[in-house]
Each structure stands twice: as C-alpha cells, then as structure tokens.
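In the form predicted on its own, a lone chain appears below as structure tokens.
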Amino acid sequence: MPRTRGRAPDGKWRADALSREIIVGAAIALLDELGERGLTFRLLAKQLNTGPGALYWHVTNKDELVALAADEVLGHAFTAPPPPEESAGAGLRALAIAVFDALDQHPWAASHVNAPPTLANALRLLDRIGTLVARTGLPAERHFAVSTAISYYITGVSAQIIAPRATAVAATDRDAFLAQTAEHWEKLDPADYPFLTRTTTDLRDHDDRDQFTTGLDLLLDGLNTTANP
C-alpha cells in the first residue's frame, strides 16, 4: 500500500509524511514563535510527531535547517519573473522592498541570507537582480559588479536593520531597545560625537522600512545616473 501524506486526526504530522519541505515549514513556525535559540530537533520532532533521528534523514544539523528555513522565507518575496515591460529601477525597488518585508516578518532569518548565494531562492534573487540590471544601459561587463552590489545592499542592510530584533531585542521590544540605545548616545561627549548626540530623537522615532528605502533610493538613483549619463 503506498504511503500517504498529511496530518493525523490529532493535527500532528504523521511520521511517514516527513519530507524536507514539511520539516522546513515546521521549523519556520517554531523559529517565528521561539527564535533561533528555542529551536531544537527534539522540539521539532515532537511537533512533527516523530523521533529526532527521523529528521536527520532530511537535514544534516540545525545550522543547515535554519539556513534552509531562511532561504524559504526569502522565496516568499518573489514568485513570477519580472514582466518584460517593467523598468529596471521599478523592478529592483519593488523586489528589494519585498525582500525586506519578508525578512522583517521573520527577523531570525535576516542574518542567514548570505552572499555569495548558494541556496535556491538566494540564487534566484541574484539572478532576478541581474536580469533587471541587464535592462539598463550599463555595459555588459558591469552587470556582475552592479548586480552583486545591489544584492549585498538588499540582504546585508536588511540584516543590519532587522537582525538585532532577533537577538538583543529578544528580551524586550523594539521601542525599548531603541530608547536604551538613545540614552547611551545622549551620554556621549558632543565634542566627540556631534552627529549622534543631536539625533537621539531620530533614533527613537525612525521607521526601519523608511531607513531601508532611503538608502535603496540613493543606490538606484546612482544606477540610473550611471546607466543614463
């Protein structure tokens, strides 16, 4: 009799239904709930109604599992290829914001989207960026450098903005974390740190997404100027 896939009547996954896709999906749910430190193979196995040993048929260790989960989150940011009529600038901006929003919903994932990419969705992201950059007036020999620079901005800056919430902010909320940091800045000597000491209110009140798009727009403006002198 062939194996079937699905949930048992109690709502848990049956042991014979295991696949890498199911394991990664369950891991994402636990990571969202408990953070990276809270994810264990024992807890994941309990959630999937199986033994920890069964998980190792599909993933080597926790590091690989978290990387796969982060790559799955990244894949939520894009599906269909960019329409042929879409301009490079508009397509890159929409793609970058979609990636930021996807990672923002799963802060633990932000620091696990590495470059150069090796996993499926990270590879698709760079390929999508390169496809859009190729629509500009840049010479072909500049496509790789520009595409990777944009990729590094999207993933790297997203991680810099979002990842602290998965670590330092785990015991508190974002506003409290920013308030504590602002208080530290306020105690600095204005003679040594003139900019930081006068921008503590901005630190407390800033919007992360606006911060990301501000840098993104500067980058894309530079691309437009370079491609269309």
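Note that the coordinates shown come from a computational prediction; the quantities given were computed from them, not determined experimentally. The numbering used is simple: start at 1 and walk along the sequence shown.
There is another form of the same protein, the form predicted in complex with another copy of the chain; it is not shown, and what comes next is about it.
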_Only one of 192, 175, 183, 33 gets a heavy atom within 4.5 Å of another copy of the chain in the model of the complex. Which one?_
192
*Does the trio 38, 74 and 179 actually contact another copy of the chain in the model of the complex, every residue with a heavy atom within 4.5 Å?*
no
*Touches another copy of the chain in the model of the complex: residue 225 (any heavy atom, 4.5 Å)*: yes
*Is residue 215 close enough to touch another copy of the chain in the model of the complex, meaning at least one heavy atom pair within 4.5 Å?*
yes
*Proximity of residue 79 to another copy of the chain in the model of the complex, heavy atoms at 4.5 Å*: no
_Is it the case that residue 24, even though its partner is missing from this view, gets within 4.5 Å of another copy of the chain in the model of the complex, heavy atoms only?_
no
*Heavy atom within 4.5 Å of another copy of the chain in the model of the complex: which residues of 104-127 qualify?*
113, 115, 116, 117, 118, 120, 123, 124, 126, 127
